[in-house]
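Shown below, as structure tokens, is a lone chain in the form predicted alone; questions about how it binds or moves come after it.
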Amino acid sequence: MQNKEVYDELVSKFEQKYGKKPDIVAYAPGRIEVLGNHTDYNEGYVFSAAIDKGTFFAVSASEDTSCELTAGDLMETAKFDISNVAPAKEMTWQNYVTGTFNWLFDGAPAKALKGWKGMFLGNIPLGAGLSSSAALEMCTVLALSKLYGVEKTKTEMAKIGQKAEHTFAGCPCGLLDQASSMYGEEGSLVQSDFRTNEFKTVSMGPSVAFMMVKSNAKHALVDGAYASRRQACEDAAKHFADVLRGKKVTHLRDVTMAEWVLYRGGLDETKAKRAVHPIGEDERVVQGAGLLAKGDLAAFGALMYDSHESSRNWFENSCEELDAIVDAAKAIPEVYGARLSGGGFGGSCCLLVDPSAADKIAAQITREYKAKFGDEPICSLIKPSKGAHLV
């Protein structure tokens, strides 16, 4: 069992807290974004992977309509009744679980008839952009579905977690994080299509891993920068819809790189630069699927470097620290590719690496980063792993 020490600690703490072992335990992993940056709201494609760190949720049925939820790391407990499930202003960590419970029953959790006693514990580093919140939602929905005998597809479960995040946690996320956690497979990437919400896995082979390198860059003006880029993409899509009259264009997903080259003239320079990034990312994901099918990791890695250059030069959502990590990676033969991961403007880089050289890679990148910025990044080796499941 993956992360067995976390499972053992959770079951032991559950037994101490509630006087018996849990009836059901579910597990869900975090995720990394590998290729396809800022494509979700442009109805495009993304490559991601479930990681080898995650969260367990243990649960047993109550005798009545009361619920108790304990955070296994803090040993704090929230109590509520199934007739009164609402976003909490204190101990806000509970909102990911209570929101998931709420939407499992379509906003009417009193239909569950009985309550539950639950506890969660995980080992996903917080603040590293690895989606600990989605992992918590997915192990919750799996365990509670089993407890109450509710049948849901993986995509339906992912959407329940997304809705919990929107309405209880107050984060307007896309579906990438939850879908990656649900659909992950060992040694594989998850390819997501955000027009159809279809998800499939593409094998990478056993001799490869990723390294997340967390910079210490402070996120500056992220909200305004994100909103301005999203608006620029929407404005550009309207421009291409006007000039490509014989073609239906609703999002940048519908525009090819060749069409951007031919018809960008009517856009101001900034909007043209912003638009080319998601257009190129979609083409890189499609091309990457073909390269993985042939086992060409070097060429796939080159697409990751290309993706970062697009972020650096066109979308301008990189920063000095992330650029330094990618530039250092390029000089290491055992790194096949590297790029920023997630929204950008700080955070982490994702590197495609030969896992046998992990220590060498981490040492070299840390040395160069420290020489430039005076502090050390956090390097974590990550293997694409199995998605959410009942234990």
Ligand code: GLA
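When you see a residue number, it is the position in the sequence shown, counting from 1. None of the values given here were measured: they were computed from a predicted structure.
Below, we turn to the form predicted together with the ligand, even though it does not appear here.
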Open item on the list: Looking at heavy atoms inside 4.5 Å, which stretch does the ligand contact in the model of the complex, given the options 58-66, 327-335, 32-40, 355-363?
Closed with: 32-40
Task: Touches the ligand in the model of the complex: residue 226 (any heavy atom, 4.5 Å) - done: yes
Task: Exercise: residue 347 in contact with the ligand in the model of the complex, heavy atom 4.5 Å - done: no
Open item on the list: Quick check on residue 342: any heavy atom within 4.5 Å of the ligand in the model of the complex?
Closed with: yes
- [ ] Considering only heavy atoms, tell me if residue 176 and the ligand come within 4.5 Å of each other in the model of the complex.
- [x] yes
